[in-house]
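Below sits a lone chain in structure tokens, taken as the form predicted on its own.
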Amino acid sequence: MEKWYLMTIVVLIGLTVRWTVSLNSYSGAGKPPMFGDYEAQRHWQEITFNLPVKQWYFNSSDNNLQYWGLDYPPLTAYHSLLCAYVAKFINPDWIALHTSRGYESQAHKLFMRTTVLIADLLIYIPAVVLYCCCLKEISTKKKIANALCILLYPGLILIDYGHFQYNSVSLGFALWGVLGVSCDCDLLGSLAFCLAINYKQMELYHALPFFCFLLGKCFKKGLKGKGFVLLVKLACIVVASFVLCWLPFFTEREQTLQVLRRLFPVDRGLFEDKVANIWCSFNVFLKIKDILPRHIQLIMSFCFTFLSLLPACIKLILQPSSKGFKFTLVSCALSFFLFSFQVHEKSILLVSLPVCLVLSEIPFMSTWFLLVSTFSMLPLLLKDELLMPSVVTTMAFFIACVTSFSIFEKTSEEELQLKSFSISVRKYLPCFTFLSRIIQYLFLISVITMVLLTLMTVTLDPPQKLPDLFSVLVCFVSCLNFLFFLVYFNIIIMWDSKSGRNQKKIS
């Protein structure tokens, strides 16, 4: 009883922080003619409510795709339509065709913020609570502390409740999927993940680990027996869920193709704005967007992404385990973020979710990564006038992690899950005994750099000839951190010993 009482308090703390952040500014507030993501979400409500389904993704006099045209999968459109019905009941002006463009008021802001909170309460937060309650081999106190730290992760709060998006919906469905397949409820887990993909196509970052983990399970059961039956059931679930979500767009071939074109806009180029991945960082030194043809950029990004995630995926197929699945989710999502085509800065949240899931296993490295992921979005957060919420939520999260997990005491090779790797290296270099110390120094350098860059960005004006200097530095420093983490997580995966049974798992 005390466990649920404390968990309720944790959820209330998470909700309080979320609502407090929502009182601040949002993307594009008072900035015509395009405004920002807040207006995009409102506009999608306007379009889905006033136009027939077959016009949602097509350019027309009533649906100018250059003005926040719908570019997410059907489930997002259905969610927008549901919100639009509620908006129509409260105030029809909020979704009036054409005349509602750029609509802003305190009442409308309250409505939009409430829709995010309700989605969070229905999908994401219950998944977090259940995940933490199902963790094995840790105390009730640690489960509650784990839930607190995940719910206080500043990146997701600042983007959904500050900037304004519904990332908690797709991430929540993905987390339900993780819970399902980790608990051997493979069909329900697959269904939940299909819903995640059909809400946001960026959930494809997590698709390969799900596929490899389930395929590995089928191989383990035997493809001539139970494994084959499971494979057929999984295929049926995936096909049925996609057919149901896409049914209105299967009436005509051009409808389906147009939705796909909107979901995967190759013409937008290798990256947009300032994003902390390889291509944006490398573009500082060599303008690859201008030098290389578009199709070469596409092939290059595909090859780098595929090669970087291949080892972890192969191992997951051969040795499927809940622990390996979670770490492969991190590795694959990070590979997509660093190397894939058309990445946005907010896509780092797709890496942060699985990192949150291993917070209790490697608290020091997970906390460090989650701090860097929030810092990497600094230019966007400053643009939305969210400096103070960013600082306060980041400090609250850091304090929660330090007090809950004593992270600075969890830096030994064993606590970092690098013991197997270190033993392998010491066979050739007996003096290799300083790995944990190096990681501590790197953490210190990383934190100091992030603090200094934040102060410089806020207090100093960049040179006139280099107006994007600080934004580029934030992206470059974050990218270096992410490359280090990619190597680190792949080392854990590839050198994972048979002592996995001693790790905390989901039953």
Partner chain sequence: MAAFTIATGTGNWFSALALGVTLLKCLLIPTYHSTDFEVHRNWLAITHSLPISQWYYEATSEWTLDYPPFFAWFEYILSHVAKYFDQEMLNVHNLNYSSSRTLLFQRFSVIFMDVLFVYAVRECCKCIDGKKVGKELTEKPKFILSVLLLWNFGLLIVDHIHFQYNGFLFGLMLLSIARLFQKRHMEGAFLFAVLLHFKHIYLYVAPAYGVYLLRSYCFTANKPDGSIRWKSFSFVRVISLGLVVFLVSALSLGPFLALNQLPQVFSRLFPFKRGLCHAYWAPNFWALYNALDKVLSELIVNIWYLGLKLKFLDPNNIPKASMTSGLVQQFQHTVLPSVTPLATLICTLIAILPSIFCLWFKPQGPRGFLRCLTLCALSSFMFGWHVHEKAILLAILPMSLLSVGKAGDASIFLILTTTGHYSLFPLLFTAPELPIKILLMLLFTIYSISSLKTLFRKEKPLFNWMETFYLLGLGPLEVCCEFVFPFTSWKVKYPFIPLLLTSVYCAVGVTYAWFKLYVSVLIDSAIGKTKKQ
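Just so we're clear, the structure is a prediction, and the values are computed from it rather than from any experiment. Residue numbers count along the first chain shown, from 1.
We do not show the form predicted in complex with its partner chain, though everything after this point is about it.
A.B. asks: Only one of 261-269, 288-296, 161-169, 381-389 gets a heavy atom within 4.5 Å of its partner chain in the predicted bound form; which is it?
C.D. replies: Contact criterion met by 381-389 only.
A.B. asks: Would you classify Lys141 as touching its partner chain in the predicted bound form, given a 4.5 Å non-hydrogen atom cut-off?
C.D. replies: Yes - in the predicted bound form, heavy atoms of Lys141 and its partner chain come within 4.5 Å of each other.
A.B. asks: Would you please decide whether Trp495 lies within 4.5 angstroms of its partner chain in the predicted bound form, comparing each non-hydrogen atom pair?
C.D. replies: No.
A.B. asks: Using 4.5 Å between non-hydrogen atoms, is Ser404 touching its partner chain in the predicted bound form?
C.D. replies: Output for Ser404 is yes: heavy atoms within 4.5 Å of its partner chain.
A.B. asks: Trp19 near its partner chain in the predicted bound form, any heavy atom under 4.5 Å?
C.D. replies: Trp19: contacts its partner chain in the predicted bound form.
A.B. asks: Quick one: which residues from 143-162 get a non-hydrogen atom within 4.5 Å of its partner chain in the predicted bound form?
C.D. replies: Ile144, Ala145, Leu148, Leu152 sit within 4.5 Å of the partner.
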